[in-house]
Structure formats: structure tokens, C-alpha cells
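The chain below stands alone, shown as C-alpha cells; this is the form predicted alone.
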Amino acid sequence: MIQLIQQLVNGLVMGSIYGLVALGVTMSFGLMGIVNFAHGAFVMAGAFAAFYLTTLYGIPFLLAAAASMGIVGALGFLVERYSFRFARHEPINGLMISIGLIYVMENAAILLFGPENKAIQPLFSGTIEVGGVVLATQRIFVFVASSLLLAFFYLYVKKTKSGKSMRAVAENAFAAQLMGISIDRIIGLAFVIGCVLAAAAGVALGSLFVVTAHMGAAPLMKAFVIITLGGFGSIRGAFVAAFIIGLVDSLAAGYVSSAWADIFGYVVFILILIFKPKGIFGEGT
């Protein structure tokens, strides 16, 4: 029972991080119609920014995390404004831009920071014991912080004027424009928010594991599984599917083998799509 609880906690932690990555991919697809393969590179950029802010400049973890989210958000603004905006109605061109960005950003990271593995100094380094279950305090912090970010984003999209504008553009961009909504502004804002969430995921992963130029590839692949499983363009589906995949991966790693953990996640993914091809919350188009 103790091991089960431990694995469930680990699954919730990873699910919350996967959710941060998946939401950015969901917004890129829902608003621009572009499958952004470069989103994992923004995860990596956030991790490197936090690493150097904490290591070279001695900035406290929380301030460094906030600053890295701002830096990557600004980078996302430039990328959307000067690349993706010109491919908005050309999905293939957008796809090629995203693939090119992967090589540019990852190789730039290797040239600037070197190929060696790095690690972000975590905010907490100890453990706590609850009912015989030993939990790393940094993992608890990552889960709480990631969950709060997910909840804040959900409320932002549901309750604020700009969030409602995003939903309107995703549903019918032409009708939204007729109602006075600036398509360029809303899509740019959504892209920046997605990059900020990706940076937060990078900081979380870097504080739990290692920081490398290619660290965004694995969570990006999980994000594609999640948004397909939850239903393309469905924010609610991305929330639910992220925790499903996180829990499946953790339980498989704990009870079978960490080397086989990814396979179980994809098996669940395939099984659900067999019985519900549009995803959990997907709708017909």
C-alpha cells in the first residue's frame, strides 16, 4: 500500500508537469491550426534560464523561476510575431518552421551552454513522512505549484475577457473578428502564455532531474499523446489526460519497469482511441 501511494504521488507530480506542456501545444493547435513540434524547446529554454539565474547570479529559486517564465514568454512573443504569424493559414509551413526551430534552439543551447548535464538547485532538499510514505518536499512543491498554475490558467480562459476571446477565436476566428476581436493579439497572447507554461514545466523538470539541450523531447511527445487522448483543442481534455498518462507511467515504472513505462502509456492511449477515436472530450468536426 505504501508503494502504491508513493507511485500515485509521483504520477500526480508528473501529470501536473505534462499538463503544463500539453496546454501550450493545445492552444497552438486550437488557435493557429499548427502542430508546434518546437514547444519542447521552450521547455528546455526555461530550464536553462532558471539554471543560470540560480547558479551564476545566485538568484533565489522562486525569483529565478518567475524570471525564466518571463524570458521564455518574451522569446515566444518574438517567435510567434516573426515566424508563426506568417504561416498561420499554411499548416505545412508552420510545421516546417517548428521543426527548424527545434534544431536552431537545441543547437544554440549546446553552443552557448555546453553538452553537459546540469541541474537546478531545488527550493527544498529534504523529505517528509506521512503515514509511512516518504515524500520528497521538492516533488510536493512542484505538484502544488504546477496545479496552481493549471487552475489559474483554467480560470483565466473561462472567466476573463481575453480568455473568452481565445475560446471564441478557437471556435470560429472569422466570427470572432466580426465581433471586434483582434485575431493577431489574441493568438499572440495565447502563444506567449503557452511558452510561459512550458518554461514553468522546464524549471520543474530541471529541479527534479537534469537540464539538457534535448530535455524537451520526452515531455513534448507526452503532450501530443495527451492532447490526442483528451481531444484536440480541448483544454479540459488536456487536464484529464495529463494526469491519466502521469499515473499510468508512474504505476508502470513502479510495478513493472521504468524502461517499459512509456509503452503502457501508449497502450492506454491506443485503447481509449479504439473505443473513443475523437478522444475523451473530443467533438466531431
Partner chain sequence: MKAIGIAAAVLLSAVLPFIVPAYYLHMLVLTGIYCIAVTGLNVAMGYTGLAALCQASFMGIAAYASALLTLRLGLSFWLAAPLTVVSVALLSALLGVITLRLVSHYFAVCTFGLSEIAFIVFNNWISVTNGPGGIQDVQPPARSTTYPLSLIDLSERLHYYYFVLILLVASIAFVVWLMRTRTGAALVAIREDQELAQAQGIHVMRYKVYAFVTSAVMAAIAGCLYAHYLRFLTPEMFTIMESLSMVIVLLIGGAGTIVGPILGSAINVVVPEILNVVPEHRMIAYGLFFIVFIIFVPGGLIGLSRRIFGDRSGRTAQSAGATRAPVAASR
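Each form is matched to the other, and the largest set of C-alpha atoms that superpose within 1.5 Å is called the rigid core. Remember, predicted model here, so these are calculated numbers, not experimental data. Numbering follows the first chain given and starts at 1.
Note that the form predicted in complex with the partner chain isn't included here; everything after this is about it.
Novice: With a cut-off of 4.5 Å between heavy atoms, is residue 57 one of the residues that contacts the partner chain in the predicted complex?
Specialist: So residue 57 does not count as contacting the partner chain.
Novice: Is there a heavy atom of residue 118 lying 4.5 Å or less from a heavy atom of the partner chain in the predicted complex?
Specialist: Result no; residue 118 lies far from the partner chain in the predicted complex.
Novice: Verify the contact flag for residue 101: yes if a non-hydrogen atom of it lies within 4.5 Å of a non-hydrogen atom of the partner chain in the predicted complex, no if not.
Specialist: Heavy-atom contact with the partner chain at 4.5 Å: present for residue 101.
Novice: Quick one: is residue 70 in contact with the partner chain in the predicted complex, heavy atoms, 4.5 Å cut-off?
Specialist: No, residue 70 stays farther than 4.5 Å from the partner chain in the predicted complex.
Novice: Exactly one of 30, 219, 246, 237 has a non-hydrogen atom within 4.5 Å of the partner chain in the predicted complex; which residue is it?
Specialist: Contact check passes for 30.
Novice: Check each of 111, 144, 130, 179 and return the one that places a heavy atom within 4.5 angstroms of the partner chain in the predicted complex.
Specialist: None of the other options qualify; the answer is 111.
Novice: Heavy atoms within 4.5 Å of the partner chain in the predicted complex: which stretch among 33-41, 47-55, 247-255, 62-70?
Specialist: Within 4.5 Å of the partner lies stretch 33-41.
Novice: Each of 96, 232 and 270 near the partner chain in the predicted complex, meaning some heavy atom within 4.5 Å?
Specialist: Every residue of the candidate spot has a heavy atom within 4.5 Å of the partner chain in the predicted complex.
Novice: For the heavy atom contacts within 4.5 Å of the partner chain in the predicted complex, list the residues of 251-266 involved, in sequence order.
Specialist: Result: 259, 260, 262, 263, 266.
Novice: Spell out whether the Cα of residue 260 moves at least 2 Å between the shown form and the other one when the two forms are superposed on their rigid core.
Specialist: Yes, shifts by 2 Å or more.
Novice: Would you mind telling me if residue 270 and residue 102 are closer or farther apart in the predicted complex than in the shown form, C-alpha to C-alpha, with a 3 Å or larger change?
Specialist: Relative to the displayed form, residue 270 and residue 102 draw closer in the predicted complex - a change of at least 3 Å between their C-alphas.
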